[in-house]
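Take a look at this single chain, the form predicted on its own, given in structure tokens.
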């Protein structure tokens, strides 16, 4: 299983193994990682799973869909080129070693 490192809003690192096909959001919620609220449960309706993807993995992600792009416009934390919604990023073998930073607020 791919290993993902979450860095919560306090700077604490959490290394977890996630099954293929799980989302970044699911991994955070299932492992009690602080900062991913997941208010809508993964329906791409709230932007409370906004996270920053490690730069070296950006080109390994699928292209952002219009719905995700629109939700990120309303995110509380600043949007950057590394911003994605955790509910829209599924874990693949290509993401083994991924580092995900969680913003201070959602």
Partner chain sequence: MLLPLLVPNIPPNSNPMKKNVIIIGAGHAGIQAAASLREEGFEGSICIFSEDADFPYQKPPLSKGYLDGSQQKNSIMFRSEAWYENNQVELKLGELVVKVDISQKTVHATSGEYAFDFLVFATGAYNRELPIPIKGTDQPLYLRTMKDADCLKEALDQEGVQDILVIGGGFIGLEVAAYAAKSGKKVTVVEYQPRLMQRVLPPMLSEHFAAKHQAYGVDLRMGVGVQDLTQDSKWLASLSTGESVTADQVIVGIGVLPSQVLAQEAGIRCSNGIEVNAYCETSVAGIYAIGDCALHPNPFAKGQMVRLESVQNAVDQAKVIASTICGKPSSYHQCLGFGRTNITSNYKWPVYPKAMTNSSSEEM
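Note that this is a predicted model, so its numbers are computed, not measured. Residue numbers count along the first chain shown, from 1.
Although it is not shown, the form predicted in complex with the partner chain is what the next lines describe.
Contact with the partner chain in the predicted bound form, defined as a heavy atom within 4.5 Å, holds for exactly one of 61, 77, 72, 44, namely 44. At a distance of at most 4.5 angstroms from the partner chain in the predicted bound form, none of the three residues 8, 84 and 96 contributes a non-hydrogen atom. The partner chain in the predicted bound form is not approached by residue 14, whose heavy atoms all lie more than 4.5 angstroms from it. The partner chain is not shown here, and in the predicted bound form it never comes within 4.5 Å of any heavy atom of residue 65. Remark: residue 53 does not count among the residues lining the partner chain in the predicted bound form, judged by a heavy atom distance of 4.5 Å or less. With contact defined as any non-hydrogen atom lying within 4.5 angstroms of the partner chain in the predicted bound form, the contacting residues in 21-36 are 26, 29, 30, 32, given in sequence order.
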